[in-house]
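Below you'll find only one chain, the form predicted on its own, shown as structure tokens.
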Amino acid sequence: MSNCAIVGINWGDEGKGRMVDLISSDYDVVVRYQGGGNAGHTVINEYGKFALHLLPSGIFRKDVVSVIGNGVALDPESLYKEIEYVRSKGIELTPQNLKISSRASVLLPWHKELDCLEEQRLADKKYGSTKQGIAPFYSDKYQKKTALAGELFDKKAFFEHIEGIMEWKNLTIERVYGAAPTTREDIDNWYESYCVPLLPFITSLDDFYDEVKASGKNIMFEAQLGSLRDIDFGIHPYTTSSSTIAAYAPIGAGAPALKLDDIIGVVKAYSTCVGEGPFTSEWFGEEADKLREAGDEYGAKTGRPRRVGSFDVVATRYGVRVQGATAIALTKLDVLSYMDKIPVCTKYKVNGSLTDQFPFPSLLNSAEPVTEYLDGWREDITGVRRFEDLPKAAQDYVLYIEKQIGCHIKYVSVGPERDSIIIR
């Protein structure tokens, strides 16, 4: 039995979905263990191009069981719509190959509304929420003000449970934000439309994991977002509301006794960021527009243009450390093929002093990038499948990053398709 976590090293959007889709052929189970519908994993394979938000990226493998763990913000509406969309593309989803933990907490309709209302109130001080209800959900989860997926089987008991919660939430919606309250009819329609169709997939995972362990099957844990968005180790307060760290994977999956054997950290060959907050190596103007278009850098969930910049050694080395990465997947190397010289942020200048250590969050606003330039290769590399067949400048770029971040780069992506990969 071998267990592996696929995690983001930077701000998210590094290409985790395409790596899970590629490597999942070696695994029997793929588990989403945290986060919710606030980010997208883009996968391109023989079925087409998909932006998955709640479904694990292993669903395209016929012999893989996909699991949504207890650490996930279970949004029935979003998940139902995603399942229907994937099925319309010829992907078979049944209770045999998709399982939802009965212990997953349910993201309720007012969570999204409160998220939107608070971002409106914050105005130009907003945190950059995707407005998918994630922060209100996790706040309520730890206040024990939501329900578990297993409660959805008994509609009467479920409504008795959340009736008081709805009354409590409406006090905020009406009296703080001056918006219309959620009604019993709203929740009834939501339950029948989106919760009932999910019931066949909801199950206890205890026996399932025992069987997986007993039969020596391999489990892959799929994370959302990246190290710098982690609730504890990220750039506070511009983080998500869950743990994006590999160490949380067995807990969020529902199998806390399992151990990780490998941790594959995913990082782009340049830097991108969606949302607000410090981004030291950021580019602006024409230079940024050119990189954004070359890499098609638009949010899979929101469609927002991603902020872009040079590869950030300081942030990436920090991400490798907190994730405990044992190997790196470097994605989108091909995007840099248009550059004559490729800038790399190697240090920060913070309040007049140089550092190669990632600063405390409150110091990042004063951080400036220190940049070195490497030679570009100016040729198409999308058809290359062996490292030694890359142009020497491209090889040098990969080896330079590998040395700087202190972790072996095992995978090098040279295109978006499943087989556009170099394995070292």
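Numbers follow the displayed sequence, beginning with 1. If you're wondering where the values come from, they're calculated on a predicted model, not measured in any experiment.
Keep in mind that the form predicted together with a small molecule is missing from the display, and what follows is about it.
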key: Partner-proximal stretch of 162-170, 347-355, 328-336, 184-192 relative to the small molecule in the model of the complex, 4.5 angstroms, heavy atom   = 328-336
Contact flag, I409 vs the small molecule in the model of the complex, heavy atom cut 4.5 Å = no
query = Does T42 reach the small molecule in the model of the complex if we count a contact as any heavy atom within 4.5 Å?
reply = yes
ask   = I401: heavy atom within 4.5 Å of the small molecule in the model of the complex?
value = no
message = Can you tell me if D21 lies within 4.5 angstroms of the small molecule in the model of the complex, counting non-hydrogen atoms only?
response = no
